[in-house]
Each structure stands twice: as C-alpha cells, then as structure tokens.
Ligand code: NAI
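Read the single chain below, which is given as structure tokens and is the form predicted on its own.
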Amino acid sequence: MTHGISIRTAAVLGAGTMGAQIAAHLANAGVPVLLLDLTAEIAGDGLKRALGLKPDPFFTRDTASLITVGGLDRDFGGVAAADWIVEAVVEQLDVKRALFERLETTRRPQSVVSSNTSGIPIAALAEGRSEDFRRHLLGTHFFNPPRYLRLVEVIPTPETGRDVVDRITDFAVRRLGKGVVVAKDTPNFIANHIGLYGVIQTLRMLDSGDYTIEEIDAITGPALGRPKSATFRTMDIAGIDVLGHVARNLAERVPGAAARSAFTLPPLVQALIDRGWIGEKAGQGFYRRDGSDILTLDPGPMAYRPKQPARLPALEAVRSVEDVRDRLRTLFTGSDKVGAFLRQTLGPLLLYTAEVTPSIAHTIDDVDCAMKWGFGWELGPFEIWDALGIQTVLDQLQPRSIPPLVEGIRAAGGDRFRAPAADPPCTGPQLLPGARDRSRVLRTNAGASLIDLGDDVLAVAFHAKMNAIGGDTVQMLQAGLKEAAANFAAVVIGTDAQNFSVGANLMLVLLEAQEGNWDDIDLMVRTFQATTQAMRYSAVPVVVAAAGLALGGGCEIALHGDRVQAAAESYLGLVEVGVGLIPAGGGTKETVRRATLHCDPRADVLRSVQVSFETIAFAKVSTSAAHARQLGYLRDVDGVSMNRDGLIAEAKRVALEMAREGYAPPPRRLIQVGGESVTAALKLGVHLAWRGGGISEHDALIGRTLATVIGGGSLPHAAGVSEAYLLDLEREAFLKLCGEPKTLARMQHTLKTGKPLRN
C-alpha cells in the first residue's frame, strides 16, 4: 500500500457559501488554506462574506489570516503546494469535470482531491482522470455550517485507495473535530436522502390543511429530540431554494417511479421559490420578521399573519418527561392530533429508512450517526425504532409491506435492532459511562460522581441538570480532591453532558436572599471559595475538561484547574453581572491575579486590570476556546481538543503527564492590586458610561462594587495582598448585591425567561 503525504496545507476551489466556510474551518484547525474563485477579487468577496456570517465560521478574527485568496485565472498553480484540494464550485457536472481536468496537470502526485458535492456521483467525476488522480479522489460532503455541524460524509469510489479514505477520515476526526460516515456513492448519499424524505412527509401534512406551521414546528422540535429550529425554521435557515435543488436531484436519480414520486415536492415550495421567498437570506420564507415581531406564512392566501401559539395538550403532557425515548413512545401511540401526525410522518420515515439502508449505507450505525451529526437529532432512525419497539411501529402503521431489514429481526424473534445494553452509536470513546459499567464508581450523589478512570486518575463527573452547581456538586468536588490526594495521582473534572456547567444554582441563592438568610448565603459562598482554592492547591494535578457552556461558577472551576483541556467549542464566561452579582467563587480574584501576575510592583496596574474589569463587567462569554484564550479564561498552557469525543481521554493524558513529571502545587504568592487610584479610575469609567446612557443605574452600582474589589478595597495605595483578602472582598460584595431589590428582580427574570434583565 502506498502511503500518501500528511495533510499540512489545503486549497479550496470555490469561495461561495460552502467553500469559504470550509476554508474557514480548515483555518480554525491551524491549516494554511489557498481559497480560489474565478478571480482573486471574487474570492476576496467570498472571504469577506464569511467574516460577516452569523454564527461565525471562524473561532477568532485572527484565524482568517491563515487564508490566502486567489483567482483560478492567475493563481491556479498554487494548488501544487496543497496536500488536500477541496472542490466546492457550482453543482454542475461539466463545470466540475473541466476543473478536474485542469487539476490533472497541476496537482502534486498523491495529493488528495475531494468534491463537496451534495449529489453528483463521485464516480462520474473520476471518469477520464489518471490512475493516481482516481486513486486519490473521493467525496467529502460537509454540512452547513461546517464549523458547527459535525457530519462529513466521505464517499469513495471503487478506485479510491483505502489509505486515502483512512487519511482523510483521521484528519477530519482529529483535526477538524468531525464525525465521519463513509457513505456509498448513491443519490444524495445518506443524511440528505433520509432527511429530505422526512421533510416531504411533513410538507404534505402542511399541504393537507390540518396543521399550522407553528403546530408542526412545535411537534418536530425538542419534543422529538430535534433542534429548536424544528422543520420550517430549519428550511428557512438552509434555504428553500436549496431544498428544491436537492429534491429535484433526488427525484431525477433515485431508481423507480414510486421512489421518484416520494421526492416530488408539494406546489407550495415551488411557489415560494418563484416569489423569491427562499428563507432567511431573502428576509422571508415560512417565517418573516417584521421589526421585533415574527410573522408566519399562511399557505392558502400566500400571505403572512402574526405568529400563533401551538396549543397541543399532548406536548404539554410530556414536557416534564426528560427521556426522549419515553416522550416518543407516549406521543407516537397517542390518539390525539400529535399522535396522528407522527404516525403519518415519522412512521413512513422509519419504514423508508429501513428499506433503503442496505443500498445507501454500510451499517445502521452509519445511518443513525449521519442523522445525529448532520441534522442534530438526539436519536437516529434505528434508535427510534428501538425506542418504540418494532412490533409497536408495525401495529400502529399496518404497512402493506415490511422492509427485509425489519423482517429479518422479526424472523429471529427480536423486537429491536440493537440489544438494550448496547452502547449508543456516535458517542465516541466516552470514558465516564465505561468506568461506571466497570463498577468503578467510588461515590455518587445527585450532582456528581467519583469514578476511577484507571491509571491512577480519578474523575469528578458532573451529572446534574445543566450541571448547575449546588451543594451536592461542591460536596463531591471536595470529596474527590481528598480521595485523590490519598489514593490517586491526578484528578479530571468533566462531564459527558453537552455543557460543562451553567453555573451556580441561582434558584437556591434567590430563595435564600428573599428570606434574608444572609448567613446561609455567606456559608455557601465560603464553601465554594474553599473548594476552588482546594483545587488550586491540590496535592495532585487537577485538569478541568471543559466543553459547551462553562458559565459563572462553571467558569470559576475552570479558572482554578492546574490545566484546562477545553473542547474547541467551549463558551466560557463570568456572567454574574447579568443577574446583578459579581463572581464570588474566586473568579474576580483569579482574573486580578492573572492580569497582574507579571506586573512590575512599582508600575501602574490599571492598564492590566482594566481588561479584566471589562471582561467581568460586560459578562463577556467566549465564542470558542481560541476566543477564551484571548479573554484570559484560558492560558497558553491550557489545551484544546478539536474533537469533543476525545476530550476526557485528552484531559486524562495531560493529568498523567503532569503527575509523571513530578507535580508540586503552585507556591502561594501575593496578588498586586492598585489601591484607591485604580478603584477611582475604574469608577470614573463606570460613571461616564452611566452619564452617557450606556448602562443603567443598577449596572453602575454593580460596576462600582466590582471596581472596589478589583482595586483592592479601601487600600490607599498599590500593594500585594493575599488571595484570602480578595476572596473576602468578593464575598462581601456578593452578599451586598444579593440584598438589592433590582438584583433579585434580575434573578427572577433570568430564572423565568432564561434571558438577562436590564433594569
């Protein structure tokens, strides 16, 4: 077997929406990229559009510096330096083949060439190319937006080298953080094929007139374990014209008249395309924003009306059911409007998926992973089959024919595709469930567990709802640090949940404040401060594996780890100001310590702490791990894992390396504070912002309180103070603000709406 070169540089041909964003994510991974379009000017415009997109395709603005733009007219020779060339031009076979013919004489031998086509057969693109070209050619179908959607469908031809597939798969998983599914070279591959079939079933229900757009989106969103954007909001985001293109492509290419009929869109979609109402990029589609109001399309008169609430009692009845499998079983078999909808949409989708899987995918796991990674489903189609039970599905649907894949399970006496104890597909090497399965749980409560990860590493695994930090979590953190000091070499703090922690249990703080239980609040804060300090000065290394949201107290835990191993998509922030408070679990202290760590004691520290003050005062949250480094939440020594699945394993590796190198706790040093001059300067900035109308009076009070802590309290001059001194100041400030009526109003509003209140 011939081993190809490593992927160190890349070229992307086509600077449209997908090409520019693929280039952006390659740059996110630290790969220099040549981005080409017809001319350098067109490529530059494509990059500028990508820089203006929301959500942002770049980890930080600086990332874009890794992209060089050029023109296919003058700069095509640059592709010779690329290890991987990604074609992302218009979806026309003749255009792509002509481009590949040019590549034939320009690319470096053994460089990988891939097409981001969503539907053109890869084999058709390989025709007429040389043996080396065909061997290194494959499809790499990224999903939009490439930074945020994990799926990449890799589509080899019979001539693609196995080592080429392995090389691109490994690179996509490790460096790009992707979930890769190797698909067969069939129309629209796996995810779009199955996803579009489901969309058309849903559109036909809208066409029936029995359901409103709002009702369908209410049914097909989180209630089914799918994204909040549900069906019609998702179509608006993706583009209704894109939907039409994919449907036409499938209808033309799938074999058999019945299959082609299944992908014929209702007239409504073409009517929207004809009017140019193609979704968010056109300002209107199934929804339209009118100022602060959202309007909904009324398909009959093709006019917009005010958005209406969906009143579906069945959805209200399962709102408190946390397990999506339990919700699905209840809803699917219900005798109400929701049950009827699911049996006429989800039911046919399950049958169709079972029918076509052998022809489009290698395994049922590949199908489930494609739908979970590409469309954000919590359960894939075969997981849904298993949640409902095969016989239940058949009893409810009474299909004319049963797919052979299903019949095979029934003939063997089974009612599921997978054994109940089987690991769910697409979860990656999660160590925490594996440790539990091996009976390595040393201790557990409602907030967290202590788990032996092996190799003398102990995990403190969070598992509360949204991993809000309460007494149970703090108790287990303290127990874990004590247990590790006695019997382990290192500690990893992490979770298998989507979010590391959304912060302290705000409801508990609010209830105590409303009752005036100041001693209880004081004890809570003291205990949390003692815990973060115990992390910082632990006898063994403590590595925090942060991913998703790490806010408030969750961010403070990360700030006090010896190391943080963060997922690339980590959103860290000290956000307490949003609820009328300041960080008091050591967060304010730690930002001052980091800001002044290398300051000359004789120098003015104002410039150093000004940035820290603004980070807290404006409740800045990082938009990526790279951005968290810029904000000071992560340090240069902290690591970043592009692939979330390997996060705990990476954190464990870092912890072991620190232990083997002979770990010793950091020395206790004084923290430099600026005294009254710094406090006065910060307060002046707050006053000017208030006078200018930029902040409210209560914002100003919080800002002055924060300035006092950061400046070092009532100290008349710059001085070195202990950590305990600053911890006392932040705790006192926290208690003072808890007594403010407007702070209590902010807490109540956030708990009720999930959004901050400006009062």
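Counting begins at 1, following the sequence as shown. Just so it is clear, the model here is predicted, and its values are computed rather than measured.
Note that the form predicted together with this ligand isn't included here; everything after this is about it.
- Note on contacts: among V242, L631, A282, A649, the single residue with a heavy atom within 4.5 Å of this ligand in the predicted complex is V242.
- Scanning I219, A88, V113, A504 against this ligand in the predicted complex with a 4.5 Å heavy atom cut-off leaves one residue, A88.
- In the predicted complex, this ligand sits within 4.5 Å of a heavy atom of D37.
- The closest heavy atom approach of L66 to this ligand in the predicted complex falls outside 4.5 Å.
- Taking non-hydrogen atoms only, M18 approaches this ligand to within 4.5 angstroms in the predicted complex.
- In the predicted complex, at least one heavy atom of V95 sits within 4.5 Å of this ligand.
- The candidate spot formed by H560, T705 and L737 is out of contact with this ligand in the predicted complex: none of the three has a heavy atom within 4.5 Å.
- Residues of just one listed stretch (170-178, 675-683, 391-399, 139-147) have heavy atoms within 4.5 Å of this ligand in the predicted complex: 139-147.
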